[in-house]
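Next comes just one chain, in structure tokens: the form predicted alone.
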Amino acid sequence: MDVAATGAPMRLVAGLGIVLAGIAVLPPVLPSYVVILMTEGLIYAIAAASLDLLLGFTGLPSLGHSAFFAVGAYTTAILVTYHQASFAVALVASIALAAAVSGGLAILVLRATGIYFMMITLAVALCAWGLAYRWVSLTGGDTGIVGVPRPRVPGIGLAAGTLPFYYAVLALFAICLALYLLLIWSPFGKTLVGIRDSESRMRVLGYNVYLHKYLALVIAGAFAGVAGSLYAYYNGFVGPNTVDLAHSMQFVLMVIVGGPGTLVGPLIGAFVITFLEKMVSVFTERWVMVLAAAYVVTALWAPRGMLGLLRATR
């Protein structure tokens, strides 16, 4: 399933098509709570895939991805609740602002590599949390922004219930997935893999490494903005917890558990972590410890994630 390694795009597209058809057909016969979890899983899958573009394909271990996710979420919440913006306007504005913020911060964070890159991106996430918490006039501070209504699209009625919104999220997920496939299989995507494997070799070959990494950060920020915007509609509330450290680490965990550097791994990881969190939190408030244990187990016995483990057992 590693696109770059196997070069089997048609089989992958066919497999993804079957999976998408399955999750499109099943929801009407599933309990509402499961459909709600599937909606959240699709939103997080977009965010996790965008992080994997940095972590798995470019070799940029970002710990601040929740900042761009939160930019998208807050932009939608502010536009919809304060200015009654339409779904299209809120979504486009969220994508544009998340990409712009990512591009601005990329100038700073790309000055470092390795552990220093991780620390700077972590600091970015903490600063974003501080802004969300302290900028009360814009973000609502600790109480956040409540009452974000579901999108209203004429003739579709997305505000009517769980299923219409699920299908709206599924449609956007399919679009993001198609764009992501094209990106990874393009010469640009293959260059990112080359940079991940050896920056110095790519420089010798004449590639502009800095520009490629910069564009990867901007594109990943834009995809995170899509996920953040949908999350605001899904949750109906946006607060500082959207950008806290636990949320950032949750995105990283989704990529690590699923399999970094693969297309399908982060999508699987997003669903596994979403369902695991909700199921465990029913029995204990210490669900974060369970997620941490999942990370330790994955790091020790499946360093290439679930997909890597499946390949090893063949």
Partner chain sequence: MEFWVNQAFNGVSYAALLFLLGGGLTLIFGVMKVVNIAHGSFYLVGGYLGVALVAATGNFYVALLASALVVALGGAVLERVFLRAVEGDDLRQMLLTMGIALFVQDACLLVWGGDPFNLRGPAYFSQSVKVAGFTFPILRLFMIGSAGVLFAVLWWFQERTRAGAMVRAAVDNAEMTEALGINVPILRMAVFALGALLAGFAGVVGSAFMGIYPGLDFEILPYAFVVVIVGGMGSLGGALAAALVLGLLDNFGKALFPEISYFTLFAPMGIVLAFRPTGLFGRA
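Fair warning: this is a prediction, and the values are worked out from it, not measured in the lab. Heads up, when I say rigid core I mean the largest set of C-alphas that superpose within 1.5 Å between the two forms. Numbering follows the first chain given and starts at 1.
The same protein also exists as the form predicted together with its partner chain; that form is not shown, yet it is the one meant from here on.
- Among heavy atoms of Trp135, some come within 4.5 Å of its partner chain in the model of the complex.
- Interface membership of Gly130, defined by any non-hydrogen atom within 4.5 Å of its partner chain in the model of the complex, is confirmed.
- For Leu170, no non-hydrogen atom is located within 4.5 Å of its partner chain in the model of the complex, even though that partner is not displayed.
- Looking at Ile115, you'd find a heavy atom of it within 4.5 angstroms of its partner chain in the model of the complex.
- The three marked residues, Leu63, Leu108 and Val296, each reach its partner chain in the model of the complex, with a heavy atom inside 4.5 Å.
- Between its partner chain and the residues Leu55, Leu42, Ile273, Leu263, the one pair within 4.5 Å by heavy atoms in the model of the complex involves Leu55.
- Only one of Ile23, Met306, Leu12, Leu291 lies close to its partner chain in the model of the complex, with a heavy atom inside 4.5 Å, and it is Leu291.
- Heavy atoms within 4.5 Å of its partner chain in the model of the complex are found in one stretch of 176-184, 192-200, 223-231, 239-247, which is 239-247.
- Looking at 253-268, the residues that come within 4.5 Å of its partner chain in the model of the complex, counting any heavy atom, are Leu253, Ile256.
- Once both forms are fitted on their core, the CA shift for Ala24 between this form and the one not shown remains under 2 Å.
- Put the two forms on the same core and the Cα of Ala299 is off by 2 Å or more between this form and the one not shown.
- With the core held fixed, Lys278 shows a CA shift below 2 Å between this form and the one not shown.
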